Structures are given as C-alpha cells and as structure tokens.
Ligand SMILES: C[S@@+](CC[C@H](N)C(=O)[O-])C[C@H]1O[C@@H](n2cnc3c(N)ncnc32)[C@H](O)[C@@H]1O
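Only one chain is shown below, in structure tokens, and it's the form predicted on its own.
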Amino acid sequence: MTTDQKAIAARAKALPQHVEHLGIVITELMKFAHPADMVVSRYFRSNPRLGNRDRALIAEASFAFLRRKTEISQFAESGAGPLARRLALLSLLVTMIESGLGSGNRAESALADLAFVVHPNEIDWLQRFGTIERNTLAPLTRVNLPEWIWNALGSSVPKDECLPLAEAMLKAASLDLRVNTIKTQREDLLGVLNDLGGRYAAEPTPYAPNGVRLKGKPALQTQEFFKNGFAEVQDEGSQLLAMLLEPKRGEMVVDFCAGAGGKTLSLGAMMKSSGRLYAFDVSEKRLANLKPRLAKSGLSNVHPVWIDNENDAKVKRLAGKIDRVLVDAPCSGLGTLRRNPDLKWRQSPQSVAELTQKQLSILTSAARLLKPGGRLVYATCSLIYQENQGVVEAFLANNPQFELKDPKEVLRDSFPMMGDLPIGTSKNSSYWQLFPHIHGTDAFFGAILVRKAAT
C-alpha cells in the first residue's frame, strides 16, 4: 500500500472488507428465515476478529438495506458486478448519509467516506442513487413497504398520515434508556452520560419522565451504570405505554405477556418495589433473560411465572384477585419497523389473521384476573386495525362486564401532556396511540378497559 493509499484509508469510513462482509450478511438476510438481529449477531459470533467499529458499520448498513430494500434492489439492477457488492455499496451509501456514521448527510460526503472501497466505474452510479428525488419514485418504492401493509395503513390511520408515517419508519430509531428510579434519578444519570461524552452524550426524552435519549449507539454492557442496573434500554414509547396502567403501591398487578421484562421492571419501579407484580410468559427462555435484569434492578416485588398457555391453572388461581393487568399482546410488530425492518418482509396477511385470534384469546383470559373496578390495558406495537381496535371491539362485544375508558379523561391529571391533551390521545378517539412521525417513538396502541363494579 502506497503512502497516499494509507492516508486515504486512515480517513475512510469504510474499507473493502466491510463491503465483503456486508454482502455476505445481506445475502443471508434476504432469505428471511430468521429475525435480522439474530442473523447479524450470529455472523459476528462466527467472525470474532471484527472490531466494534466494523460491527457497528456492518449492522447499521444491514438494517439500512432492510428499511430501503425495494428502492435499493430496484436500483441495483442498473449496476455492474456481483449483486451482493451492488447491494452492499448502496446500503453503505444510505448508511453514511443517514446514520450519523458518515462525515456528513449528503451524497457527496458519503462518496468521500466510501472512497477506499468504490471502483471508478461505480462513482457516477452511486451518485445517481444518492441524488434521486424521492417524490419521483413510484409510491410503493418510495415507502419501501409491501402492498398489503401500505393498504392496511390506509384503513388504520387517516389518509394524509400514511406517507409521513411510512417515511418516518425508514429512519433508524434512537437509543432510549429508562432510568431505574429505585437506584438513581434522571439528572444524575444524565450527568454520568454527558461526562462520558461522545456517543454517550444524552438528553431527556421529550415526554417520558424517566427517559434518556442517547445521541449515538454506544456499547452499554461495559459501563458500570448499566452493569449495576441504573438504567435499562427501553424506547420512550414503551415507557409511556407502561404508564397507562398507573399501578399503585401495595397493589396486585400482572404483566400477562412479560417477555424479557422491560415493562415489568418499569411497572415494578412505579410501584416502589411494593405490592406483588407477577410476570407471566409462555417462554421459559424469555423469563430466564428477565432474571439477571431483575437481580440488578433492586426490585423485590416481581415474581416471574412460566405458564403453558393463557388458560394455565396458575392463571385461573388468581381470577378476580388482581387490581391491574397489562396485556402487551404478541403482535406483528409493524410499529417497530424503524428498529425491526425485516418484519415488513417476514409478516403476511395470513400471519396477522392468526395473531388476531391469539390476541383475543389472551385478552379474554387475562381479563378474568381483574377485580371489579380493576384496570386492564390491552396494548400492541402494531399499526394494524385488526390487531388493535378490532380485537378490543370483539372482546367488548362478548364481555359486557367490561367498558372502554377514554384515555383523555383517565390520564388527564397524571400523564405527560402534548398541547392540551395527554400524549397519545386525540379528540376523536377513545384509544391511545403513538406514531414515529408525530411523537418520535415506535408506534404503539393502547386501550384502557375497566371491569364494571358488581351491582
């Protein structure tokens, strides 16, 4: 390598080996046989010599490809050379422009960042892609969605919201933390993070009172504040969703689909580690992942319970005894496309139809736990009407002992506000919803249901 080449390599944001690795990862991702984060993690484990900088770039570019797959794949047809290389170069260009890993947010600066990997005959081709006017693209290419999801959005949100919503989901999500108030306060953690500086620099989340938003995406696992349970990774929208339940000290509460326990830990902190909080899940592995997080959280009121299904005897024994239930139902996840873009290519109308039956069954079983006057929050991270309002309407039709409460009234005195309304509420709806293009969070849906008092 000449002196000039070494100087270019020192300034370059990407190197030839990044293109090679990324091409292999993209080829595997396009099979859509496994979740994208699993594919990327497995590749890194099989290539342990990749450094943190290498992994960050390859991961970001892999997810950039999945977000813009329609657009990138179509333009790649016009290039020359191996397809995997064309897809990798286009994905790296998008990453350099949009992710913060490049030296700027323009095609020119991105091409300079790629100077050490681009062949002379590829420069004009990449520049054409980087300067395409997005409003000239065909609608489905512009939004990078399968037609069935684009059509479903049209029946789930107002027509004039569809395009801004779809384009917001093409952007990478921020990295948010929830401060564990059992151990520290938000101002103290912000001081720690901003002393670290760089990618750890942080600011308060706009709405969630215990949320922190990092400016970069650093490795948290090595930091003492994270190892000691002072904070957990949790999207601001997820933090706000947990607040819908409003659990009180000393109550009996159930997180019915607890998973790895992000919302469970949030609820436990709201309860000041008092009362009794059951974390139910059908996956023993997910509950096992909760245990180390629980151990460092400082909470003593959380009780993980592995159940066979929603009708398990362990559930039936608590019927009529619980004050509050959160049903964060398994769903399509289509509200999380900023961070899980592979879902739009892995889900289908058939899988959503199957999920809605499961969601209704889970909601029906969980509702039996409530005392008269108790509150249940049914929630998803989906944008699809059938998984959200459709499930709630079907449940209420068969369970007249429950009523839907308007979140504008329930939350008015206790919830973060956006204008003159609690965030996530609207004047013409009795449901609660967050959207990335409005609130800067993943998309979430919530319905507040109350069991009517016995007459």
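All values derive from a computational prediction rather than experimental measurement. We number the residues from 1 along the sequence you see.
Note that the form predicted in complex with the ligand isn't included here; everything after this is about it.
Going by heavy atom distances of 4.5 angstroms or less, which of Val157, Leu193, Ile362, Met270 would be at the interface with the ligand in the predicted bound form?
By the 4.5 Å criterion, the partner-contacting residue is Ile362.
Point to revise | Sole residue of Leu220, Val282, Leu175, Met252 within 4.5 Å of the ligand in the predicted bound form, by heavy atom | key: Going through each option in turn, the one that passes is Val282.
Q.
Taking 4.5 angstroms as the heavy atom distance cut-off, pick the stretch from 124-132, 282-290, 208-216, 339-347 that is near the ligand in the predicted bound form.
A. Every other range fails; the passing one is 282-290.
query = Contact between Asp323 and the ligand in the predicted bound form at 4.5 Å, heavy atoms?
reply = Residue-level check for Asp323: no, no contact with the ligand.
- Task: Indicate whether the ligand has at least one heavy atom within 4.5 Å of a heavy atom of Asp113 in the predicted bound form.
- Result: Flag for Asp113 set to no.
* Applying a 4.5 Å heavy atom distance criterion, does Pro304 contact the ligand in the predicted bound form? -> Pro304 lies outside the contact set for the ligand.
| request: Mark Phe256 yes when one of its heavy atoms lies within 4.5 Å of a heavy atom of the ligand in the predicted bound form, and no otherwise. | output: Yes, Phe256 sits close enough to the ligand in the predicted bound form that at least one of its heavy atoms falls within 4.5 Å.
- Task: Heavy atoms within 4.5 Å of the ligand in the predicted bound form is the criterion; list the residues of 327-354 that meet it.
- Result: Contacts from 327-354: Asp328, Ala329, Pro330.
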